[in-house]
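Next comes just one chain, in structure tokens: the form predicted on its own.
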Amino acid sequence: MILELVEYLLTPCSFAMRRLGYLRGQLGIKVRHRQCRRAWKEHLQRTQTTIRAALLDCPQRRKAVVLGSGLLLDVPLADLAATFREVILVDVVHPLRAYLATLRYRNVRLVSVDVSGTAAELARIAHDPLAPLPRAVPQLFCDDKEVDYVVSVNLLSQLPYIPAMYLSKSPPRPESEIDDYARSLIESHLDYLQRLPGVVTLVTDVEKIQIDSDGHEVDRFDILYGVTLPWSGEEWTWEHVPLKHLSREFAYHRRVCAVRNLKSGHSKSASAPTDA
């Protein structure tokens, strides 16, 4: 607890992003990973394997961009640093672990930015329930012709999570308005990925699955607000919250989809998803 407090105080983060809850969320992921390390291991390894495989599709290897780099648990940073002239890690808040990585790899740099481009405006107007919510039109790196690889790594479902939680607090907004905003963040990110240069990889959880103590599926929850991925890809199950971690009655898994190269992948209109 003391170490988390020290890290909270020392981690570079703007006041607005702290108020929205991004730093707290980042540290929360670190705690959850420590508690669920064994359960998360396969998911993290498969994410890294997907990224490594995608590097083979890159004819040029100048710049690589990691969107949602976070704690680097699912990012094969050593491979990226050895493959590309420059690696750019992008996140709203970079934990201290990421800053240490830039000391180890001289061609790795951090960019602290909200990839949706809406968080700062959201922090400014959130307490005015009559103010229209901002709409995302991401442009970061779209005009950088030296970017040869981009990966959005376990980010898509997270984009609306903290904003939606913040907007649900006082003064609360209608649930329908929050849902529309969350949906727009997801849709704009999918459009953004298609506009980026180079090979683009998407790894994201798309569904939460409730499992009872006997191992039977009880329910499924859409975590993308009704948005469906326009591409098919490899799928697997992430044991996100093991049984007895939060509940003695239920565990919660995530269905994950990984599209290695979305620009050359199959659209769902052309083929069905591949089950793991």
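Note that residue numbering follows the sequence shown and begins at 1. Here the structure is a predicted model, which means the values were calculated and not measured.
Note that the form predicted together with a small molecule isn't included here; everything after this is about it.
- Residue heavy atoms within 4.5 Å of the small molecule in the predicted bound form occur in exactly one stretch of 77-85, 151-159, 194-202, 128-136, and that stretch is 151-159.
- In the predicted bound form, at least one heavy atom of residue 92 sits within 4.5 Å of a heavy atom of the small molecule.
- A residue is said to contact a partner when one of its heavy atoms sits within 4.5 Å of a partner heavy atom; residue 182 fails this definition for the small molecule in the predicted bound form, lying far away.
- Taking non-hydrogen atoms only, residue 115 approaches the small molecule to within 4.5 angstroms in the predicted bound form.
- Proximity of residue 58 to the small molecule in the predicted bound form: non-hydrogen atoms within 4.5 Å are absent; the residue sits far from the partner.
- Between the small molecule and the residues 206, 110, 190, 73, the one pair within 4.5 Å by heavy atoms in the predicted bound form involves 73.
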